[in-house]
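Below you'll find only one chain, the form predicted on its own, shown as structure tokens.
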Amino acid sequence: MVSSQNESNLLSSEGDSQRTQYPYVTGTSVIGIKYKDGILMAADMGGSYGSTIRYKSVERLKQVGKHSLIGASGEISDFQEILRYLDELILHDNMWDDGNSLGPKEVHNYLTRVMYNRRNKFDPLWNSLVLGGVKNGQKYLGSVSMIGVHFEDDHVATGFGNHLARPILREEWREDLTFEEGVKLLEKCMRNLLYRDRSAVNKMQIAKITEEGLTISEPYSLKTFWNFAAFKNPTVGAEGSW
């Protein structure tokens, strides 16, 4: 009788433990850059269930308060949880009604504490986040990983974007980029990811935030070219391939 009760307690405690032990539905890279008037951010709309691109209309760019914009790669349900945290943060800030509001730097600092705190509980939020915004004429762009590693830079990227997009940004980014030049640069990066990242889809959004406000574009597709010789026969010259 005692052993059966102990077994029951053990099973119930395991059943009550809820955390993201493994990411299920995930989004891939997010890219953010500073430009002349503010911040630009790009992400596609794919949601992958394992290696299957199950969803193609997942919005991963969201407004945070009056001055900030967030983009997320990783587990979609964890990103929804983070958005709930941020809604509570902004609501609490607005309740003071003191004429001030949280800027992107404060929101970024908050997210680093949340991610690091969850990591220390062995219950991480399985996301890499990009946070950007403009307040009082100051542009801010930062990133935070699922274990709380964070930094600020003129251009940031998550996922495969760290490897395939940032080299392009290091070569071509300028502080005085116009909006049109910034969009063109982001599209070049996203096209590069589309060619090489199996989790990327050709349906994306670009978000812009300035002192005047925030705009998130309607979903659209990029023009692509798939007739490169290396794409037609990728095993040529590959020793040991099938």
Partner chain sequence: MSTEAMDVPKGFSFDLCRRNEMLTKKGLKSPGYLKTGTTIVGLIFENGVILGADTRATEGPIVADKNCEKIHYMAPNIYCCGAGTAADTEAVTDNISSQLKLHRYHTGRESRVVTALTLLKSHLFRYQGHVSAALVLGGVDVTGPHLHTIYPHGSTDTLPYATMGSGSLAAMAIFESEYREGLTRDEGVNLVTKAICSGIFNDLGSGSNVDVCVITKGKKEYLRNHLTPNPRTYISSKGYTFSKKTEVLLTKITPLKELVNVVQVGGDAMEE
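This one's a predicted model, so the numbers in the text were calculated from it and none came from an experiment. Whichever C-alpha set is largest while still superposing within 1.5 Å between the two forms counts as the rigid core. Positions refer to the first chain, counted from 1.
The discussion below concerns the form predicted together with the partner chain, not included here.
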property	result
Contacting member of 210, 205, 192, 48, with respect to the partner chain in the predicted bound form [4.5 Å, heavy atom]	192
Which of 32-40, 211-219, 171-179, 54-62 lines the interface with the partner chain in the predicted bound form (heavy atom within 4.5 Å)	171-179
Residue 227 within 4.5 Å of the partner chain in the predicted bound form, heavy atoms	yes
Partner proximity in the predicted bound form: residue 164 to the partner chain, non-hydrogen atom cutoff 4.5 Å	yes
Contact of residue 188 with the partner chain in the predicted bound form (heavy atom, 4.5 Å)	yes
Non-hydrogen atom contact residue 184 with the partner chain in the predicted bound form at 4.5 angstroms	no
C-alpha of residue 224 moved at least 2 Å between the shown form and the other one on rigid core	no
